[in-house]
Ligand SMILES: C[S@@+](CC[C@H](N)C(=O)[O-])C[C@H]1O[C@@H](n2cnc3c(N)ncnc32)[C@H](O)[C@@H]1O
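So this first bit is one chain, no partners, the form predicted alone, shown in structure tokens.
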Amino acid sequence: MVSIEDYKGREQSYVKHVLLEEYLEALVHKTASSYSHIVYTDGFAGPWQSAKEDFNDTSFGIALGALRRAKASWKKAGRDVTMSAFLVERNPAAFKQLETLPPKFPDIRIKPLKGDFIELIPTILKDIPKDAFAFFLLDPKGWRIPLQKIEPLLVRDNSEVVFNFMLEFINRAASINDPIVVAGLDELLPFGDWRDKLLEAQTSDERKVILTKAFSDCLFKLGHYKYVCETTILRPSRDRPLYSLFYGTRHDTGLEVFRDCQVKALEAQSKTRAATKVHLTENKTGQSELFRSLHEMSPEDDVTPFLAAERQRARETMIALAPARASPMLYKDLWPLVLSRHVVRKPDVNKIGADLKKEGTLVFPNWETGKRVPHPGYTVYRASAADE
């Protein structure tokens, strides 16, 4: 399990790895119930700044641990699932470290690949069995990624992607008129009128919304995903976005699991940022006991109000999306629409549905006696004056 103690000076990576660990731990185990072969691909593996000999503070180390645990768990249940990992790295020194991995993980088929990830995509796709489920992690050190060139990877059936969008650097680059920079951004964000919208933006928050919406739309279009979600990773000591993690999936279950992991990661980020700010204040003032006690009395919490606001917005969205009585829908089709738009967990959405039924705002005509939350097969529609 990842530990904050291994991330001194790179706390933002800790938050990213909390999300990745939670996501992979849950999704690998779930998908292994239906697929006999799971493949993890890290397009920019590194390692960089690892503090552990077993690399369990790196993305690929976290992934290998998740694959190993899922394999062992299913083996106990009498199911043998093949786990494979393609680790791509072009840096010679980093690649040498990747080559040491296969003997350390004899239960996983590890294939280190040296070279440019974009050029190796045909090789990777050819080597992934058609009946396997694939997880793709794209976490480049820079931001110049020709998105359309990775389309063959994104559109692969039975796959999901996590993409690290280097928001802070991309935001800066968007204000630079150098032809090389302009061309690079056009490759990363090949669709939409995002440049025109940036010219009209008044604040940094507006610029963030424009850029993340543009990338989300591009990823959605190229990958033919059903859902694309974004998680903002902030600088540890400043209230400023550093990068955005995008998740693309075609499955309701994937969306559900990702939202669970996202909330946990945001809670970890809030605690980490609060502790980092206290530590910096202590170093500046030398009054460690005073500021630590003040923090314990009133700890900084920037995630609770955000999540509360998201739940309120989810409530409004559920009401807006619920159809009229003449054309009811099944709840199993409603909850993913709400979950895809807001950072809430499925239990939150279920509770919202139950509350709206109790208030008379939504009608579930086949709700069974004794049920506390809506069942996927329940019919739902928005109440009208005739239902009162």
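What you are looking at is a predicted structure, and each value in this text was computed from that prediction instead of being measured. All residue numbers are counted from 1 along the displayed sequence.
Beyond what is shown, the protein has a form predicted together with the ligand; the following relates to that form.
Query raised in the report: 217-225, 181-189, 69-77, 86-94: which one contacts the ligand in the predicted bound form at 4.5 Å, heavy atom to heavy atom?
Result: Among the listed stretches, the partner-contacting one is 86-94.
Query raised in the report: Can all three of W143, N171 and P241 be found with a heavy atom no more than 4.5 Å from the ligand in the predicted bound form?
Result: No: none of W143, N171 and P241 comes within 4.5 Å of the ligand in the predicted bound form.
Report task. Just give me the single entry in E206, D116, D131, D193 that has a non-hydrogen atom within 4.5 angstroms of the ligand in the predicted bound form. Result -> Spelling it out, the residue with a heavy atom inside the cut-off is D116.
Query raised in the report: Can you check whether Y331 is within 4.5 Å of the ligand in the predicted bound form, heavy atom basis?
Result: Judged by the heavy-atom cut-off of 4.5 Å, Y331 is well away from the ligand in the predicted bound form.
**Report entry** Proximity of A45 to the ligand in the predicted bound form, heavy atoms at 4.5 Å
**Finding:** Heavy-atom contact with the ligand at 4.5 Å: present for A45.
Query raised in the report: Are any of the heavy atoms in E160 no more than 4.5 Å from a heavy atom of the ligand in the predicted bound form?
Result: No, no contact at 4.5 Å.
Query raised in the report: Are any of the heavy atoms in T58 no more than 4.5 Å from a heavy atom of the ligand in the predicted bound form?
Result: Yes, T58 lies within 4.5 Å of the ligand in the predicted bound form.
Query raised in the report: Who in 221-236 is close to the ligand in the predicted bound form, meaning a heavy atom within 4.5 Å?
Result: Contacts from 221-236: none.
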